[in-house]
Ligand SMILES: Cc1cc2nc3c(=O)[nH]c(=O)nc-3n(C[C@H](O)[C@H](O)[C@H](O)COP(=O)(O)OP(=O)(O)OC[C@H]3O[C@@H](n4cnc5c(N)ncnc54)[C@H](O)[C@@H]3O)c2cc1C
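Just the one chain here, the form predicted on its own, laid out as structure tokens.
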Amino acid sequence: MHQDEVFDIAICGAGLNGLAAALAFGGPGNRTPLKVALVDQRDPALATQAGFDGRASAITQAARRMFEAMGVWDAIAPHAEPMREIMVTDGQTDGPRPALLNFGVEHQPSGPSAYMVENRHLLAALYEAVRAVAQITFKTGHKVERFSFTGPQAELHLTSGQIVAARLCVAADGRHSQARQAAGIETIGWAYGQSGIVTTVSHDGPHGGRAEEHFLPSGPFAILPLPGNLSSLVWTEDQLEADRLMALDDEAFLAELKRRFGEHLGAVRLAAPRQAWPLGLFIAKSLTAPRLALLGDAAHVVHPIAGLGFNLGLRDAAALADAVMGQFRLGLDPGGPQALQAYERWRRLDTVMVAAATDGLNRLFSNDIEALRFIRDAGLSVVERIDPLKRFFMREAAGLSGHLPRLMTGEPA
């Protein structure tokens, strides 16, 4: 084993959250850039290929400001579709679906609450931005075989024989985080017995920037606008039904999809491979340990019902950058307990609140109980009639409420 240098930050995981965190710490959005190592067994360049990931992400207005501050929004913008309207229905797969709730531009006074972007375009923009930063070093192609979080620095022992040492290790390595497990941090939560089926479709008619959330008995069926006559689908089904649907050939699968999609956008065709993931709620019991901070899916996995998963990870990265830089600029240890405690306090409540909200929405709407249907439809109808309440919900959806980290206000970290 040999150690070349000591970094300020070692980020484990070079996916969307890891790349964004690297820019938050070492990129042009930081007034005092730190030395960052990005560690991943996989080459992140492979993830930018068209067939790698058919998913898309909602980028809130606060996340857009963060990307602007880090200098990547200009590369993302040509691939981003603003959500100009949001429609919510509560109905049956084959039955009528009257719109119970509509959010239009008049309820988004500061601009679109969110933009839809395919993940491959996000990855490409973040990857190219990271590559251009001298302060950030890729350590890819080798697996971490052992972590050490004792002493004045964290150490990541790679299978290549190299040791990547840093004053703070940031775990951005997903829901099965190897770094989190090495630190002995447990998670709490449960599986929903549901799968999220994701694909992209093309359609003859224009969507006009309208996002649709159809609450069906098996779970939400979301139609989310992408540039051109394309839409991203996030389709929740019971696990057994999802397995059946995924086993169908393309023609039969498309027939099932059309039953739920409807005919309002004309003829519909599959435009990307379909993928499915088991859904659940999982939160780390602690977001930190000595020399370690968790962010993104390593810290929390929530239901995609509100499209907030990636945005939670971005808020984690921005808050951690604030906490760490506050210590660093005072000449103190950026990976010490003061920075980690500040991050834990800042992110814990928001994480729990979002998890509880998405869990409650999924349980409330993923059923066909008549009494619950009456209550939720009545509640949606009340919201529909009160414009100030709708504007409040749009501000929440835009990620503009609460105490925002600097990057999410458009300021450098």
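In this text, residue numbers run from 1 along the sequence as written. These numbers come from a predicted model, not from an experiment.
The form predicted in complex with the ligand exists for this protein as well; it is not shown, and the discussion that follows is about that form.
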Partner-proximal stretch of 161-169, 247-255, 72-80, 277-285 relative to the ligand in the predicted bound form, 4.5 angstroms, heavy atom: 277-285
Three-residue site P33, T137 and Q338 fully in contact with the ligand in the predicted bound form at 4.5 Å by heavy atom: no
Of F310, F103, Y343, F221, the one that lies within 4.5 Å of the ligand in the predicted bound form (heavy atoms): F310
Interface residue in the predicted bound form among M325, A211, V144, A183, criterion: non-hydrogen atom within 4.5 angstroms of the ligand: V144
Exercise: A56 in contact with the ligand in the predicted bound form, heavy atom 4.5 Å: yes
The ligand contact in the predicted bound form: E237, any heavy atom under 4.5 Å: no
Interface membership of P217, the ligand in the predicted bound form, 4.5 Å heavy atom rule: no
Partner contact for A397 in the predicted bound form: the ligand, 4.5 angstroms, heavy atom: no
Contacts with the ligand in the predicted bound form - residues in 165-184 whose heavy atoms fall within 4.5 Å: A172, D173, G174, Q178
